[in-house]
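Okay, so here's just one chain, in structure tokens, the form predicted alone.
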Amino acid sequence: MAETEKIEVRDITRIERIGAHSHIRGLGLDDVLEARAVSQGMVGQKDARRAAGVVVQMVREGKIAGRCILLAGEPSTGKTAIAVGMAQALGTETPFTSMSGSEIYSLEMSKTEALSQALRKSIGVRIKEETEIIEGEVVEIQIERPATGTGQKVGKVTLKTTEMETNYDLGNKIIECFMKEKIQAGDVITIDKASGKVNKLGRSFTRARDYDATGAQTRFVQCPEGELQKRKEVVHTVTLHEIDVINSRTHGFLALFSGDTGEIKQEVREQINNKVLEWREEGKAEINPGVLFIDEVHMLDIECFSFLNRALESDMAPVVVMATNRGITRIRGTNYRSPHGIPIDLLDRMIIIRTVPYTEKEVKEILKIRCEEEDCIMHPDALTILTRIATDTSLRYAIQLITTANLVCRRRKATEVNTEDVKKVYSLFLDENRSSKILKEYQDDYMFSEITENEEDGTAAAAACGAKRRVETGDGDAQPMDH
């Protein structure tokens, strides 16, 4: 069973490792926010990365909320990569929520509710509380099981620090925790008196010579000092959305895992906001505004934009980062055209970061990084051809060819992808330009080709003339001929 679980974890890690942006480790900036040429998986886009670094610094300080940043640029210029780099730079302590603009139309809730939940997932609350713990080194454990095999287990444990040693009686719940954590003599542990949670900190240095009780991953710690019972401040980090769900459902905690959160009433959110603000004033909690990243923001409609305009004015709003590859286009839900398909009043709230097309040298560097990420050894000549394909077609298409060329290479029992492998997959898989050219050439052979207005008028006129001719000849009820 344990072996099966290990394999599953390994497979999941593998899938994550070779994702579209899994090679991104950060923004690739130095201490003074200057962008390095190639660093942490990021290549080029120095100005955009510098600007994103300033935004990250702003988020870390946690003083500013409700700011809106727009990443605007042509397709395949690294907008999503910069957003992923921001998430990596912020670390796990800062909430980072990512969504696509088209997601809100497929959810079983209103568009504004979907945006509300996304915004509140991006706001962290660090709740502080003091708890009593027992911390010490285990000297001896005695657990007595009933002779019949059923009933309550009873036990005793002897814990010590550098200054004192005490015996404790163990209840059934604590005994189960001890058995689950595989606690034995020589372990340094903590026991939460309120919840009964047992946490193993490591092995005591005094037991470093017990080779039979150690392994490669064993961690050694000092024997605790002072008294066994201590008061310790514990910090729990949760998002506002998690607090919303727990307080709006009978089994709210289970709803978090099932994903069935549904719509949450505004009254519940207002009460939670007031309570969190009260905790902040009392020093029990800190509000940690994170980042909400909305990709393909042009897919939102005027209703969503109006909601965001109002939501960003709240002091409980996160920093919102949007990305789009549209120019001057129609605002969804209206007949008005606007830059990036975003209303002017919302654009006025934004600071816009522009991404520029990659140079051929930068494209080659990105492809080289992706080859390393996918464990693909590629001959320099093959990499040169792939770079030329990327500049003639698109970077995304060339990255897709890395995996397919590697598979073709393995089929011929080779370890290095050569030019023939790249040429073969280039002929097997079409890019957008070649596919469009074929569609134009064989347009009439495909079903449901779009009819232009001129063609539609000509078809209607031809149909009218045909009907008139049939009436004049008197064969309006004539059956179609067999072909």
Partner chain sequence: MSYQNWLNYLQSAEKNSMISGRLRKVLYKFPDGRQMAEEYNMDTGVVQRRAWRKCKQLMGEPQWEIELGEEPRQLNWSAANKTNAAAGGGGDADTLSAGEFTLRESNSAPLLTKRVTKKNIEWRIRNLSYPLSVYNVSADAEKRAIIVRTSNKKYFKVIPVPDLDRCSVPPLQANISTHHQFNTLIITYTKPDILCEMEAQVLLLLKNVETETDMDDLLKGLMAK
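Residue numbers count along the first chain shown, from 1. All values reported here derive from a predicted model rather than from experimental measurement.
The form predicted together with its partner chain exists for this protein as well; it is not shown, and the discussion that follows is about that form.
- At the 4.5 Å threshold, heavy atoms of I328 stay clear of its partner chain in the predicted bound form, well away from it.
- Remark: P380 does not count among the residues lining its partner chain in the predicted bound form, judged by a heavy atom distance of 4.5 Å or less.
- Within 4.5 Å of some heavy atom of its partner chain in the predicted bound form lies at least one heavy atom of E163.
- Of the heavy atoms in I174, some are within 4.5 Å of its partner chain in the predicted bound form.
- Contact annotation: its partner chain lies within 4.5 Å of heavy atoms from the stretch 166-174 in the predicted bound form, the single such stretch among 265-273, 166-174, 113-121, 90-98.
- For the residues E374, D301, E362, E227, the 4.5 Å heavy atom test against its partner chain in the predicted bound form is passed only by E227.
- This chain appears without its partner; in the predicted bound form, the one residue of E108, E140, E130, E313 with a heavy atom within 4.5 Å of its partner chain is E130.
- With contact defined as any non-hydrogen atom lying within 4.5 angstroms of its partner chain in the predicted bound form, the contacting residues in 275-306 are W279, K284, given in sequence order.
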